Every structure is written in structure tokens, then in C-alpha cells.
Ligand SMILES: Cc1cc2nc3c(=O)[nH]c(=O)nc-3n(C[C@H](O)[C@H](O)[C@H](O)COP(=O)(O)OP(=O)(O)OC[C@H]3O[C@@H](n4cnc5c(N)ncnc54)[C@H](O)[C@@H]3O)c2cc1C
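Only one chain is shown below, in C-alpha cells, and it's the form predicted alone.
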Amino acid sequence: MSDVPNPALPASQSPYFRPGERVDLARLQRELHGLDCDGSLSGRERASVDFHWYSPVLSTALAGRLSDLVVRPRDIDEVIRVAAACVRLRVPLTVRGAGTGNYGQCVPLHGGVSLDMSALNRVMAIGDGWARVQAGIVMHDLNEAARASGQQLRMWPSTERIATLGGFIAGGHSGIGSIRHGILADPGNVRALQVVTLEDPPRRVELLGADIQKAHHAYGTNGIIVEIDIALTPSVNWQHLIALFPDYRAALQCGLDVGRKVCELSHSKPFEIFQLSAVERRITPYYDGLRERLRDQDAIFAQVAPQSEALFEQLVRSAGGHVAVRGTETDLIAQGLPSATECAYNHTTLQALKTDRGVTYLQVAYPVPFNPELVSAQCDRFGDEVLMHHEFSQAGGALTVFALPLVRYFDEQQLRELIAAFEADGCLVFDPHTWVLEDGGMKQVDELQLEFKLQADPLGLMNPGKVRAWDERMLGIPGGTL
């Protein structure tokens, strides 16, 4: 770590890739002859974006960033061939799945190759409690394959129908199912990762146990995830329920009561809840088809096992609410209603942005144990500037509450002031308005991931510009600059 090159050293003489190095596109295309490559402007534009447009800050800052070439490998041998070519020619490489991430993870800051992994979508094997799959598989397709064996994934993002598993591992944290199974980083949820390195020559490295965290939530900066051994759980015909409450404080109290009961009974008689989302009445009108059903009330959206419905309803009534909508996902869709999945996590942000481009969002973790009174105080303080939406989860075995509040956006300074206000309340804010890994969710350098990057990506070619510590320590330049 102490061998930092002279910042004034010409790019061609630097031991690491430096911003501004020219890509020899003609030679790269010759090296990759026979692979599925796309150098068209339209193809490069499609492959160089994700859902970072949720953030007006990122939408402006990342505008116009394009790869030089899109490559769609069809098997792992082709992935290795691309990796080897990028190493030989010092070409940056940015991996992408379906592009459903929100933080610019797959936006290439310095050109190079966009590696589209969507063709690596095979199910290798399914066993009792696990599946071995290629990283480009769409999570909905994997769930369908797992259900044929009576199983399902433990968790998925609200974009399950289009998101790839590899993208979820590389950029995700938790999702629907986390109230029951914890966050992705909790032991047992991801059983193994296989990554291809950008060394000379590239290697296939299998990460097990604690080593999985070397590549999990690393934005694809230290290895190309090609195969995943993911945990499965018995399949349940989840009932999607919407409970209504006279005020948001009551909805949060119900969520807290339900979440506590899930944690209390998890090791004895399970209380099977798969999703638990609280949304205040100023947000619910954004949901297609639900305006009349919700009647201007605060709501909880939940997925509940049939045998757990009675206890769930009892807890709803105890908090002063009642169940207004119920049915399977298929039932709700047949009625023209969104499923509970589409009213959770950042799908709520998407629902709002469909009709109101004047909003954006934050991501907030509340102190443990959760206190609904803190949210009530924040609602009074922020007024119409912030619209509240909370997700109940488990992390490390403890009940944890996250918020993805909508913000009526004015400017970046407003966001910084709101973040400071949440942090002053003891909350942890995962800033969704930065492309820098440490500045968003981590809040600190992950030394384990940085050490692995030195081994797996010794030239710094993978998604350059996303890891502050690499830029500052290895290049001697301020991290996070474009």
C-alpha cells in the first residue's frame, strides 16, 4: 500500500491504469474477433446506463459517460478471453447485468469495455437448499426454476422480474425476504462466488465463507462474478396483504410488533412474513390502481404465509388497523392492482417518478432498537419536504428498520442538509447520490475488498473511479473526481 506512484508520472509509465489513458479500439476489436461485440452508439448508450437517473445529482454528473465497446460473452471461456485482452491492452472494464442498480455502478467513467453478462444465464444445478447458477440469470427465472423443486430464493430486490443475480450480489444489500432471512451479507445467504480476475493470465477464483465479502457489494471493482452458489428456502404461496391505519405512527407500531414477533418465533414456531413495508398516505397515491382502495390512509404492505395470516391480522387490529386488500400476486395482478413487491424498497421510488420527476430519495438506517417516535418527530420537522417509507428487515439476527423516504427535490445542498439532519438523529444514511463505493453505503474503506483488488485487479482496470481508496492510495489523486 505504501508504493504510491508519482501523481505526475505519465499514464503510459504508471504501473496502474490512470484516467485519460487511450483505448486502442481497433486492436481490441481484433483481439476479440468472433465474440459478440457491439461498437454502435446506440448499443454503447444502452450498456452505459443504469437506474442512477433516480438521482438528479448522478443524472447530471454521469451524463454522456460511454464505453468504447460492448461485449456479450456467451460462456466463461469468453469472459476470460475478454479479461485477458483488457489486461494486455490496459483497457478498463465495467461489468453489467440488467442495469437496475441506482448508483451508477455500471456507468463506465473512463470508457473501455462494458461487459454485458446477460447471456451467462444457465442454472447449473439445484439441490436441497441451494442452487448453482451463472451470474447473468434473471432472478425471476431462477425463482421459477427453484419453484419446480418446491423451493425459492431467500430474498430478491423489488426489480426481481428483470434484475440479474450477479448484479444483485455486486450492488445489493437486502430486499424482499430480508425480514425473514436477513441481509445478503448475513452468513448462509450467499454460499459461494466464483470470480474471474484481471491478471496476466486471468484466474477463476472460488470465494467461500467470509471470503465472499471480498466481492459482495463491491460494484464489480475487484473480479468478474461468473457463478454463484445461492441459498434456497422452501417455496410458499405468499399472500399479499395491505393493511390500513389511521396514522403513520400506528402503521410503524404495527410493523414493529410484527417484526419483533418474527424474530421471537423464528427458532420455534415460525411466524412467516416475507415482506413488511410501511408507507405513509402522501406516497400511496403514486401506486397505480390503489388510490381508491387506500382511501387516503397510511398503509403496510406485507407478504404473509397462509398459516400466519391470523396472527398478522391480530397484530394489525391491535395497532388500530384493518386488512383492506389480500390475495396472491396473481390475484392482485388480475384485478389491475400492484403486488406488494411493487410497493416495496426502491420500486416505491420508481412508482413516484413515473408521474412526478420532482422527487428523489434517500436511504436511511434507523438506530436499533427502532423507535417510531423518532419518525413522528422527523415528519413534524421535515413537513412536506420528506415523504416517509420504511422497510422492516433483519441484519445480524436483529430487527432493523430502513427508510427510503421520497424527497421533494430542490438542489444538492438540500440533500446534504437532510442527510446531516438524519445523521444528527443517530441514523446512518446510505447516500444514493454518489458513485463512490465508500461514500455511499460503506462510509469507510473496506480493507478486505481493497486487498483483494490488489490481487484480482492489479492494474486497476475494473470499473475505475468507483473506489476512493484505490484512487487516493494507488494513484495519488483525489477519489470520486471525474
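Values in this document were obtained by computation on a predicted structure and should not be read as measured data. We number the residues from 1 along the sequence you see.
Here the subject shifts to the form predicted together with the named molecule, a form of this protein not shown in this document.
With the partner omitted here, the residue from Thr197, Thr159, Asn189, Gln303 that has a non-hydrogen atom within 4.5 angstroms of the named molecule in the predicted complex is Thr159. Of the listed positions (Ala340, Cys106, Ala251, Leu276), a single one reaches within 4.5 angstroms of the named molecule by any non-hydrogen atom in the predicted complex, namely Cys106. For a residue to qualify, one of its non-hydrogen atoms must sit within 4.5 Å of the named molecule in the predicted complex; none of Ile179, Tyr286 and Leu353 qualifies.
Contact annotation: Phe430 falls outside 4.5 Å of the named molecule in the predicted complex, judged by heavy atom distances.
None of the heavy atoms of Phe422 is located within 4.5 Å of the named molecule in the predicted complex. When the named molecule is considered in the predicted complex, Phe245 lies well away from it, no heavy atom lying within 4.5 Å. Residue contact check for Ser114: none of its heavy atoms lie within 4.5 Å of the named molecule in the predicted complex. Between 162 to 170, 325 to 333, 382 to 390, 254 to 262, the stretch whose residues reach within 4.5 angstroms of the named molecule in the predicted complex through a non-hydrogen atom is 162 to 170. Contact residues in stretch 210 to 229 (any heavy atom within 4.5 Å of the named molecule, taken in the predicted complex) are Tyr219, Gly220, Gly223, Ile224, Ile225.
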